[in-house]
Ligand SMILES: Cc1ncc(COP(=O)(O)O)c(C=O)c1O
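Take a look at this one chain, the form predicted alone, written out in C-alpha cells.
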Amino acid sequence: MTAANLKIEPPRLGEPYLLTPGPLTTSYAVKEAMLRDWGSWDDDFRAMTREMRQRLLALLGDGSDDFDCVPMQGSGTFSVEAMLASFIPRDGKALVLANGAYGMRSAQTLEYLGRDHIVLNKGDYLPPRGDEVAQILTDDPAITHVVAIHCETSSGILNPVEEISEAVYAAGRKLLIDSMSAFGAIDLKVADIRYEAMVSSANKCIEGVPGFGFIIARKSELEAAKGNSHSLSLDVHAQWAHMNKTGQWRFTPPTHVVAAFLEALRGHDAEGGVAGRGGRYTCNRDVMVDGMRELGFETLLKDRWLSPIIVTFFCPADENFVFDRFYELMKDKGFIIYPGKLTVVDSFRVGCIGQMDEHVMRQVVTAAKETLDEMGVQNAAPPAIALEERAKLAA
C-alpha cells in the first residue's frame, strides 16, 4: 500500500468519527491488532517493543543514532511529567513557553516537581518567537532548559520550534519539546532542529490508541538523568536502563496498546511516513477550514499559524446557537467535535487527524451546515468582541 492508494475506512456502523486531537479514529487493522493477548515477559512481546522503538527513532532521520526511545505507561501527560522530572535537574531552572493550556500544564507540573521556572505566556493567539526567547535567556543566566509545545492544541497553533531551538542553543541552553500532537505528521528531524528530548504519545498522529507515551532523548541526556526523577514509575533513566538490559518494561506494559501501535506504525510507513501523514492532515485542514468559512465561521488564528492537527473556531453570535445542541446534532450525524478552551470568548475545535481524508472533511462541513439550519442559526459569524480581541491580541 502506498500513500497514493491509501484507503480510508469508514467507522463501523454506529461509530462516529472523532474530530479530536486524540483519542482519534483508528483503522480496522489497528483495532484488530488488539484481539490477541500477549505475555509481557515473552520474547515475542520483547521483539515488538524493540521494533516499535526502532521505528520511532527512524522518524528522526539522520543523526538518530545519538538518540534512544523510552516508552512510558500512562497518558501523554505522564510522559511529559517524566521528561521534565528526568531531564531538568533539581537545581535547574526552566523557561516554559506557553500559549495555551498545555504550556501552562507544563508550568503546573514544574510547580508540583519543585523545579524553579518562569513562564513566557503569549495568550491564545500568538506563538513565542526566537527573539523573545533569546532576550529572556540573556536576562536570566540561571535558566538551564527551555520547554516548548510543538502544537498547542487548545488553540490549534503550530509553534516555530526551529527558530526557538536556534535561540536556545545560541545561548548555550537546552531544549525540551512537547510534540504530543505533532510528532509523526510534522517533521522533527534532529539534523534540522536541535533538542535534547521530545515527548509524544500513542494516540496522536501515529494513529494508535491511548495507553502509553514515549520519550525520545539524546543518549547523553539519558545517562545524565540518573537520580533526577522524583518518581519511581516515571523515572525515564530507570525505564531506559532496564529496557536496554532486559528488553522488558519495568512494570506491566499495555500489551494490547503496543500491538495496536506497532500496526499503526506500519500503516504510517505505508502512507509515506511523516510527509505522507502530514500531507493528508494538511489537506483535511484546508478543505474543512475553507468549507466552514463559507458557512460564516471564523478561525481563532491567522492562516500562517494554523496547524494541520486541530482548528479552533469562534462560536456564532446568533442567539439560536447553543454549543451543547450543536455538539449533539453533529454527533447524531456521525461527528464528535471538541469544546473550546478559550477564556475570553466561546469557541469549539475540529480535529484534522485520524483515519479521515478530504472526502470526510467535506461531509463534516455538510453536517455543520445542516446543523445550523436545524438550529435556526442564520449567521455563523462570531460576536464582535471575538474579532476585536483577535485583532488586538494578534496584532
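In this text the structure is predicted, and so the values were computed from the model without any measurement. The first residue of the sequence shown is number 1, and the count goes up from there.
The protein also exists as the form predicted together with the named molecule; that form is not presented, and the subsequent description refers to it.
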Q. So in the predicted bound form, does His242 come within 4.5 Å of the named molecule, heavy atom to heavy atom?
A. no
**Q.** Distance check, Met180 to the named molecule in the predicted bound form, heavy atom within 4.5 Å
**A.** yes
Q) Would Arg105 count as touching the named molecule in the predicted bound form under a 4.5 Å heavy atom rule? A) yes
(Q) Ser231 versus the named molecule, in the predicted bound form: is there a non-hydrogen atom within 4.5 Å? (A) no
Q: Pick the stretch from 133-141, 280-288, 264-272, 151-159 whose residues have a heavy atom within 4.5 Å of the named molecule in the predicted bound form.
A: 151-159
Q: Quick one: from Pro253, Gly100, Pro308, Gly76, grab the residue that has a heavy atom within 4.5 Å of the named molecule in the predicted bound form.
A: Gly76
Q: Just give me the residues of 200-230, first to last, that have a heavy atom within 4.5 Å of the named molecule in the predicted bound form.
A: Lys204
